[in-house]
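The form predicted on its own is given below as one chain in structure tokens.
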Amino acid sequence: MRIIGLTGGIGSGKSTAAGFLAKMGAVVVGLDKAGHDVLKQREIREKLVSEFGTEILGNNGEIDRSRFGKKVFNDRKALKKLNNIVHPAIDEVVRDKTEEYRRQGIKVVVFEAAAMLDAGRDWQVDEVWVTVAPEEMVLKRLSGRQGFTEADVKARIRSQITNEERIRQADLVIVNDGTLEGLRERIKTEWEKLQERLK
């Protein structure tokens, strides 16, 4: 089994690339969603409230991700504290999924995770694939979408490691500065190369 870690900054096309890989035959696990699920665990919620205060909670007593995001994505120290609390639980998800797919004889698993390199989790995968896009393109893609202002997008970009750092740690860099079809073709080419390597 080959495990790909697919990562990239906000608006870089990481999730779109993951969707293409899934259509080509990979099993894709979205670790960002796993992270959202982890936030619902009572023990994790209590640790986060203890660290960050009750203002991160919504009216329903659950963590308000939008409110919490504004708090941590503008503060690297806060983001590090968040990661230290949630990543051990996400690591468990990775371990369980890896064992399950290995038992099933799955050939290629893609763990899609925005903060894989930021959190130093590349040891969990065999190869790191990174999507990158120019900042002006990311701003154009995301400003006004999902309630993001340009300032929100810039804060998210600044809270993550730089594209240069990602590229330095990558086994494969996918530059997503063109069309959707161009990205699909690039993913298809890399998928075919991967199949050759697995023979």
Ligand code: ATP
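Note that residue numbering follows the sequence shown and begins at 1. The model shown is predicted, which means the values in this text are computed figures rather than measured ones.
Omitted here: the form predicted in complex with adenosine-5'-triphosphate (ATP). The next part is about that form.
Practice task
Look up in the predicted bound form whether residue 145 has a non-hydrogen atom within 4.5 angstroms of adenosine-5'-triphosphate (ATP), and give yes or no.
Solution key: Judged by the heavy-atom cut-off of 4.5 Å, residue 145 is in contact with adenosine-5'-triphosphate (ATP) in the predicted bound form.
Handout entry: adenosine-5'-triphosphate (ATP) contact in the predicted bound form: residue 183, any heavy atom under 4.5 Å
Key = Flag for residue 183 set to yes.
Problem - adenosine-5'-triphosphate (ATP) contact in the predicted bound form: residue 189, any heavy atom under 4.5 Å - result: Residue-level check for residue 189: no, no contact with adenosine-5'-triphosphate (ATP).
Handout entry: Touches adenosine-5'-triphosphate (ATP) in the predicted bound form: residue 178 (any heavy atom, 4.5 Å)
Key = Yes, residue 178 is a contact residue.
Practice task
Tell me whether 5, 118 and 121, taken together, all sit within 4.5 Å of adenosine-5'-triphosphate (ATP) in the predicted bound form, counting heavy atoms only.
Solution key: No, the candidate spot makes no contact with adenosine-5'-triphosphate (ATP).
Problem - Contact stretch among 134-142, 43-51, 164-172, 62-70 - heavy atom within 4.5 Å of adenosine-5'-triphosphate (ATP) in the predicted bound form - result: Among the listed stretches, the partner-contacting one is 134-142.
Exercise for the section: Scan 11-34 and write down, in order along the chain, each residue with a heavy atom lying within 4.5 Å of adenosine-5'-triphosphate (ATP) in the predicted bound form. Expected result: Result: 11, 12, 13, 14, 15, 16.
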